[in-house]
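Have a look below at one chain only, the form predicted on its own, in structure tokens format.
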């Protein structure tokens, strides 16, 4: 990066702040008048021209003001952006919302997506926590119609799986409940290898059939990947002027609906930078589909037990300070809640 003088840093920061707020190219006269600068419009004009030559600003039209470039946003986030904390009242409100759902991990992802979308005024992305080691927690068997049985399997970390299976012959609910209770007591807290070992010692029959289904689900859950995806705030993105045209609207929809792209983005980001909040601007040259966007991402979870990811996707013209603060706060909050919940499970 080229060296910037203190005055150039101030002008670049003000251009970005103003453009994020108003989505209108910023002129030198406006900067001097609106921010009460101590130097003349001509001086500001010269500095903006220099910042344009260095690649930090660009001029959409010959007679228009300047707007930030990708490099300008990167410089701002990396060197000029000051740490911003969410107001105490906002943090308390969010913490209270999660406190009310503390016993229902399934609700955390939906709530986190809603909170992030509201705080960032952009689109949120949240993955459910995925256990790093799959462990059996609880089993229920429910008679439905004829020989069909609904199996509800709960794994460590709150991962819930439901499957309907057909038995060889009808079995009443009392028998199913007895089998489920025996297997829950026998398999509790065992990993996949432990379940396989215990299953090998069981005689053929209903319990062996159920164990086969349990093992198949645990094997699929052991495959590296991501938990359920939650998203909110698509309307926030589509309301921005950058996505007013039908082509840009379709691009935004494709990005937010293409799970494989989002998974690749998250995997690549945290393989190279496993810790802290990561900011990707314009796809960082790796994803053409993300060129109009910025993405703020963070991991959360209890290392060695279960982890997930959360973040925000919006136009490059986003409020980085508040967005980064919201992502950091939600990541820490979910990590604490998950550690507490999994710790309690391990003690029971």
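Bear in mind that the values here come from a model prediction, so they are computed numbers and not experimental data. Residue numbers count along the first chain shown, from 1.
Absent from the display: the form predicted in complex with the DNA. The rest refers to it.
Only one segment in the set 282 to 290, 309 to 317, 54 to 62, 295 to 303 has any non-hydrogen atom within 4.5 angstroms of the DNA in the predicted complex, and it is 54 to 62. Contact annotation for residue 322: none of its heavy atoms lies within 4.5 Å of the DNA in the predicted complex. Heavy atoms of residue 69 never reach within 4.5 Å of the DNA in the predicted complex, leaving it off the interface.
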